[in-house]
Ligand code: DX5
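Before any questions on how it binds or moves, here is one chain, the form predicted alone, in structure tokens.
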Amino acid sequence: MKTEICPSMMCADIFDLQNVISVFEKNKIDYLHIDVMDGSFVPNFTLGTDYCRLLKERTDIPLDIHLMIDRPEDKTDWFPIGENDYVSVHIESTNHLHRALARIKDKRAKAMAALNPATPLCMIENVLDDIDAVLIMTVNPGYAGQKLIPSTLKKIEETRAFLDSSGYTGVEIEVDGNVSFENAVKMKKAGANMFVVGSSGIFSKDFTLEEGIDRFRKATE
């Protein structure tokens, strides 16, 4: 599968947002990853509906909206979800996962089921027909700058094997959490193809954003 870069917009300098988007457009970034946290499902508040609308108005790059919120099935209408966007909902956040995924599909967007590090892979067995991708959290959600949980590398590998053996070879795997250049190589080898890159990757202060993108692409070729 094609390697796709999904910059974590919570790591972008909000005062330099137009320039950041211009760099992403020039370098053909695949998706803009937006972490939406409600202070309930995860212990933090982050980007919200107005921020998503702003990005929709300023760029044609599709959004990758990561809903770390309780009862996402009741809140999808709050967001400017469109065709070609990805929207991920956490299995742990709802008692009505099919309903949540269906409401994403109703907007002609692509649906993704997200799993926390300790959530077993078997939890997606009954929604395989309803998803376009699986998001494997490689840290516990809530904050940037965390260290990779080593066992999640094997979980990525097991997810790819499970999807392929079940006949869902087209379902993508996204990874989120400490996706550094070094870890991305391991994650890709395990079967991931979508990478949420943040402070440990392209947004590092050690080089320009454009240099970071180029370095990441070379690392994951």
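Numbering starts at 1 and runs along the sequence shown. Because the structure is a prediction, the values reported are computed rather than measured.
Although not depicted, the form predicted in complex with D-xylitol-5-phosphate is the subject of the following passage.
- Exactly one listed residue, out of Cys52, Ile29, Ile173, Met37, brings a non-hydrogen atom to within 4.5 Å of D-xylitol-5-phosphate in the predicted complex: Met37.
- When you look in the predicted complex, the only residue of Ala102, Ile91, Ala144, Val127 with a non-hydrogen atom within 4.5 Å of D-xylitol-5-phosphate is Ala144.
- Although D-xylitol-5-phosphate is omitted here, in the predicted complex all of Met10, His33 and Asn178 have a heavy atom within 4.5 Å of it.
- The closest non-hydrogen atom of Val139 lies within 4.5 Å of D-xylitol-5-phosphate in the predicted complex.
- The closest heavy atom approach of Ser199 to D-xylitol-5-phosphate in the predicted complex falls within 4.5 Å.
- The closest heavy atom approach of Met68 to D-xylitol-5-phosphate in the predicted complex falls within 4.5 Å.
- Contact with D-xylitol-5-phosphate in the predicted complex, judged as any non-hydrogen atom within 4.5 angstroms, is confined among 107 to 115, 131 to 139, 91 to 99, 75 to 83 to 131 to 139.
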